[in-house]
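Given next, in structure tokens, is a single chain: the form predicted on its own.
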């Protein structure tokens, strides 16, 4: 993440793209259209041909930005985690009590997203749905070790590291902070998916965000018992 005056940019590893989509109007259309289309039809049925038709461009133009649809998905997921780190910083800065900071951090990574008008090229609500449904595809594959060596997952790791450090402020002897944080994040994704599509596999209680409440209570009890 970089900040220039009032302009905030979310930085993604340059190895993910051939040309930065932030550098042109077409790049912004690729991101917006890609998010809309993947959210609409799913990643398996998504193609650059369909995307080109949607945004009024050509496949060749899209390939100037991304080598493959896999790399576009990686870009979108990493942008999401860079944005989540930005939100973590905003929500936890100047909060002295580590328990309060931890609850705020857990809220960021478990709550249902609202659209952020700061970034016009991204619909964060739809992007969260893509991350929930599709993000495992960027690392549950045979290329994960190579992609990891190239730093493709730094943004996700940074989010996990930030929350892990807060956990260790609460309990310096807790042995599994990173494991706990990734369990919360991935578990919350599953629960959001279940709540939308398979509600009998989760608990939706009136008057509260049950997913946020569950994971906040789970973590606090686990590290303070």
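Numbering follows the first chain given and starts at 1. Since the structure is predicted, the reported quantities are computational estimates derived from the model, not experimental observations.
If you look for the form predicted in complex with another copy of the chain, you will not find it shown, but the lines that follow are about it.
Only one segment in the set 91-99, 105-113, 125-133, 76-84 has residues whose heavy atoms sit within 4.5 Å of another copy of the chain in the model of the complex; it is 125-133. Taken together, 8, 17 and 59 are entirely out of contact with another copy of the chain in the model of the complex: none brings a heavy atom within 4.5 Å.
Among heavy atoms of residue 160, some come within 4.5 Å of another copy of the chain in the model of the complex.
Although the partner is absent here, residue 144 sits close enough that one of its heavy atoms falls within 4.5 Å of another copy of the chain in the model of the complex. Taking the partner from the other structure, another copy of the chain in the model of the complex has no heavy atom within 4.5 Å of any heavy atom of residue 12. Taking non-hydrogen atoms only, residue 67 never approaches another copy of the chain to within 4.5 angstroms in the model of the complex.
Residues 156, 157, 160, 174, 175, 176, 177, 178, 179, 180, 182, 183 are the ones in 156-185 with at least one heavy atom within 4.5 Å of another copy of the chain in the model of the complex, listed in sequence order.
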